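Consider the single chain below, provided in C-alpha cells and representing the form predicted alone.
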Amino acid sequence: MSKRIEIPVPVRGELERIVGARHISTDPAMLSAHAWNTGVGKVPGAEKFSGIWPVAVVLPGSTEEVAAVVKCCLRHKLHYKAHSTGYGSMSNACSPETVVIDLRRMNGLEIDARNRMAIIGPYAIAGALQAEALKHGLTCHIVGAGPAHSPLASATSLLGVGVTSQGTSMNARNLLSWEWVTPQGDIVRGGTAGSGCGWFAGEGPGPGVRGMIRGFCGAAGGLGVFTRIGYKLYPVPVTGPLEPTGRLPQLGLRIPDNAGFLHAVWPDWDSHRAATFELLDENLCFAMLRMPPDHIGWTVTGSNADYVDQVKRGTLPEVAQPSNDKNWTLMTLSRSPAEHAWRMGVVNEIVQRTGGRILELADEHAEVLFRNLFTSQFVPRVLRPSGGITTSFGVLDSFHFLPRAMEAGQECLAGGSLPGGKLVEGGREEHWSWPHEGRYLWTENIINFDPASKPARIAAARALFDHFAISWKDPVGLMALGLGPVMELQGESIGAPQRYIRQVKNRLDPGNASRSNEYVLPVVPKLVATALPMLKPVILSRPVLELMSRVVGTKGM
C-alpha cells in the first residue's frame, strides 16, 4: 500500500492559479506514473511502484512559475522534487507531502554556434540537441543513459558520463551558465548569465559557485530546481545529418570523410595500458571505447537469437570473440585529408609498437558500431539480452588502475556471468571503459540479469555489494558512487566532503523542502558520524552482504 495524503483544496487552488488548472493533477493514474521505481529496465509489476506517491504533479511552463510553485510548497509545509526526462528513479517523491515538479513543458533549445554552446531547458533531450548542433558542425556530450536523457539534468544535478568523453569532456565540466530556483524559491543566474553578459561562461563576472551546486555527483534534486543552462558544444568536421546505412534493427551511419574508425586489440592489460598512455599523450582520438566482446556481439547482431546462433556455430566476427577482450574502439576526426592521414598513421604505429593489432571490420559492422559510439545509442543493446541491468558505478582515476579494475570486475561477478552462473552469460568481467579529456579512466562493470528470476536478482545484488566491499578493502581508484548515506560510511578517508556539503544544504534549505534521498543527509549526529565508518567491517562481512543481497533481490533490483 502506497503512502498518500490528499492535497488541501486551498493549496490545489493556489497551484492552479500558478500553472493553470490544465497543468496540475492529483489523479491516481498520473501520480502512479511519477512513482515508477524500476531503475534501469526490469520487468513491470505492482511491486515496482515506489512506496511513496506524490501529493500532486504540476507542470510549470517558465522559471517564474517554478519559483512560485516552490514558494507555495514552503508556505504550506510541503516538499517538492523536480523531474525532467525521468531516467531512473531519482525523481521519485521522497515523502508523502511531496509535489513533483515535472519540467517537460520547459524544452527550450537554442544553438549559439559562434560561442560553441547551446542554451537549453530541462526537457531538451540530448538526441535533439545533437541533431541541431550538427547543422553547425558541432556536437554535444551524451551520457550513458543515451539520447533521451536531459543534458541539463546531467550537467546540473546528477552524475553522468558518456562514451565520447575523450572529445566532449563530461557534464560536470560542460555546465557553463545557469538559471536556478533556489530551495527558497529565489531565481538566481550564475556565471556570465548572472551579469547579463550571455550564457557562455561559468566563472565571472557573476557568481561562480559551480562546485557548490554541482560538484561531481550533483544534488539529485536536493538543491532546488535548475531551469536553463548554457551548455558546452564541441566542433566536429561534419555539417548536417550523417548518412544512414543499413536497416532496422541494424542501423548504421556512413563514416564521414576524414574520420577514422578502427578496432585494436592487445595480448594483455599491461600492453593495452601502455598503448593507452601513448594514444592519450598524442591526443589522437575523439573517442576511445572499450566494450566487452559479448556486448560488441550484441551490437553487431540483429537479435539475441542471432547472437546465440552465431556463438553456437562459431561464426561470430573476430571483433566479438571473447579472446579479444583487451580492446579499444578508436574514432579519429580530422579537418583535412593530411591531418586524417597523420592521425591514422600514428595510431597504427602505436598499436603495432605496443604489441597490438588492428582487426578487420566488415563495413556493416563498422557502420553500426560507429553510429552507436557517435550518438551514444548503446543503451538498447546493453539492455537487450535480459531487460535488466545494474552496474558497479565505476572507477574514475588514473589509467594505472586499469588492470586492477578489470581484476576487481571479475571478483564482483564471481563467475556468475559464465556458463552455469546465475547472471546473463557473458564474459569474466563486463567492463565498459573510456578516457576523460586525455587524463582519467572511467570504467564500470555492467551486471546483466534476468529480472524475472529471484536467484538472478540476488546474484546481481551480491555483485553490486561486492563492488563496495572490494573498493573499500583494496581501493581501486576513486569510487564514483558517493551518494547520500554511502558517503557517511567513508568518514574522513577521502576528506569528508559530506561535512561541507551538509553545511551548504542546511544553509540553503534549512527545512529540507527540496528533498532527495540521493544527496547528503541533512542531519547526522556526531556520534553516528564517528561510528558509521567503524561499521564498515561488519557491513562488508560475508553474512551481512549475503543478507542484504537476499533482501534487495527478493524485493526486486
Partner chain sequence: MHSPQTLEDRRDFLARCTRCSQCKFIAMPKSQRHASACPSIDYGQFHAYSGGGQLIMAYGLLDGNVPHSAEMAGAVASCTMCGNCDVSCKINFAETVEPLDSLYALRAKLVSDGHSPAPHREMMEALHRSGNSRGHPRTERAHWADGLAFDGTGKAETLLHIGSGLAYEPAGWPALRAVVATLHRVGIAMTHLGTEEGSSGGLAFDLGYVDEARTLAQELIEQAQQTGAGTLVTFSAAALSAFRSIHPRFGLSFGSIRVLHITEYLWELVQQGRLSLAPLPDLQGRPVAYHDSCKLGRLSEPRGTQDSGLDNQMSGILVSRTPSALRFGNGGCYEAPRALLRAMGVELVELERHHASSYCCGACGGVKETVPEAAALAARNRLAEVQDSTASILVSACTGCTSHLAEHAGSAVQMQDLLGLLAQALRPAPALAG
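These numbers were taken from a predicted model, which means no experiment stands behind them. Residue numbers count along the first chain shown, from 1.
One more form of this protein exists, namely the form predicted together with its partner chain; it is left out here, but the text below deals with it.
Remark: all three candidate residues (104, 148 and 311) come within 4.5 Å of its partner chain in the predicted complex, counting heavy atoms only.
Per the 4.5 Å heavy atom criterion, its partner chain in the predicted complex is contacted by stretch 371 to 379, the sole one of 261 to 269, 402 to 410, 371 to 379, 136 to 144. Taking 52, 57, 68, 532 one by one, only a single residue has any non-hydrogen atom within 4.5 Å of its partner chain in the predicted complex, and it is 57. This chain is displayed alone, yet in the predicted complex one of 167, 317, 185, 385 has a heavy atom within 4.5 Å of its partner chain; that residue is 385.
When its partner chain is considered in the predicted complex, residue 349 lies well away from it, no heavy atom lying within 4.5 Å.
For residue 506, no non-hydrogen atom is located within 4.5 Å of its partner chain in the predicted complex, even though that partner is not displayed. Although the partner is absent here, residue 131 sits close enough that one of its heavy atoms falls within 4.5 Å of its partner chain in the predicted complex. In the predicted complex, residue 542 stays away from its partner chain, with no heavy atom inside 4.5 Å. Residues of 236 to 252 that come within 4.5 Å of its partner chain in the predicted complex, judged by any heavy atom, are 241, 244, 247, 248, 249, 251, 252 in sequence order.
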